[in-house]
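Next up: a single chain in structure tokens, the form predicted alone.
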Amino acid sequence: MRALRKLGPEVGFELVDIPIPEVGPDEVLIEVRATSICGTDVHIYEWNQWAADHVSPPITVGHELTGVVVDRGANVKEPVIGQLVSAESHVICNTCAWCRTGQGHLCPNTQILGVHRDGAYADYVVVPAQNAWPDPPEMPLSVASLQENFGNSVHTATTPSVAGRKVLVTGTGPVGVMAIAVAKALGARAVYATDISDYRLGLAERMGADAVFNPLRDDVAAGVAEATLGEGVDVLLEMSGAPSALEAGFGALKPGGEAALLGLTAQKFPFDIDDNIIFKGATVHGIVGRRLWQTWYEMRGLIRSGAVDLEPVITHRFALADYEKAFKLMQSGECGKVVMFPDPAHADGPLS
């Protein structure tokens, strides 16, 4: 089969032929129909410091997918052969203290698809049966493929209370704009957004942002102060990992506010904990993955009820063979969610 792999500690990927993976007794083999690109995948493509610290090549990359179960191990009763499924990318041990107390997303033994074990940018991928999330057959493949990433948005936006509160989202890549939609669906009083890409700020407005700011030309502090009558925001959802966004976000956060941090930083940087957190009395939440399986049920409800429409987030589709173009587009910031199809015949919209 074809697989997009990180072969060594350098920039880029290679599309190579490798054997179809064998299925263990508690696993399923999925024929990948669609697989979307995450910011983590861009980190690995660029081979920045975060990737160098967390990834050991060679490995097949990618962790967001939907596909059809084509084989399963002897112990597997669900899902059935032919079932359309998405996948939770965090493979947990089920035996540690965190797994046993309902905090599997914090399992210290976690292996992530495309980071610690072979992932989804391939014709086939193997995952534990418990990680396969059944999808309705009528769900568009592009939407199904990005549910794992949507789960990051849902986890981030549901950790602090957002109902009736003023929310700032820093970073309006795909996960950021999905968080805007979630915050609005959950009753946020107002949602503001920042990014250095006007394209993505436009997408943020389409997903419900009440005001947007580009720090390359706008005074974010003044803009947020004006929009909030000088109070600042109650909640910060930080999605970019950019030092400047963190500083601006905490600067806009009112005393006693809450911050949920999802964005991964490319490298270490100085940060004023005293003024940004301690003297502000701020509550800070680190967000990792999705609550297993609470977040999946929450996002299922948001999608099926129509409270959140993910279709506008999907802006480009590519054949997997055109991965270089897909990743260059992601790096440009001139896109929303980018979805790749191992078999172009499965594309649910025009291919770029």
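Take the two forms, find the largest set of C-alpha atoms that superpose within 1.5 Å, and that set is the rigid core. The first residue of the shown sequence is 1; numbering continues from there. No experiment lies behind these values; they were computed from the predicted model shown.
What comes next is about the form predicted together with a further copy of the same chain, which does not appear here.
Using a 4.5 angstroms threshold between heavy atoms, Thr315 stays clear of a further copy of the same chain in the predicted bound form. For Lys325, no non-hydrogen atom is located within 4.5 Å of a further copy of the same chain in the predicted bound form, even though that partner is not displayed. At a distance threshold of 4.5 angstroms between non-hydrogen atoms, Val143 is out of contact with a further copy of the same chain in the predicted bound form.
Although the partner is absent here, Cys38 sits far enough away that none of its heavy atoms falls within 4.5 Å of a further copy of the same chain in the predicted bound form.
Only one of 255-263, 194-202, 170-178, 217-225 places residue heavy atoms within 4.5 angstroms of a further copy of the same chain in the predicted bound form, namely 255-263. Comment: a further copy of the same chain is not present in this chain, but in the predicted bound form one of Ala51, Ile287, Val308, Val69 has a heavy atom within 4.5 Å of it, namely Ile287. Each of Arg100, Leu106 and Phe279 places at least one heavy atom within 4.5 Å of a further copy of the same chain in the predicted bound form.
In sequence order, Gly301, Arg304, Ser305 are the residues of 298-312 having a heavy atom within 4.5 Å of a further copy of the same chain in the predicted bound form; the partner itself is omitted from this view. Relative to the superposed core, Arg165 undergoes a Cα shift smaller than 2 Å between this form and the one not shown.
Core-superposed comparison between this form and the one not shown: the Cα of Ile278 travels 2 Å or more.
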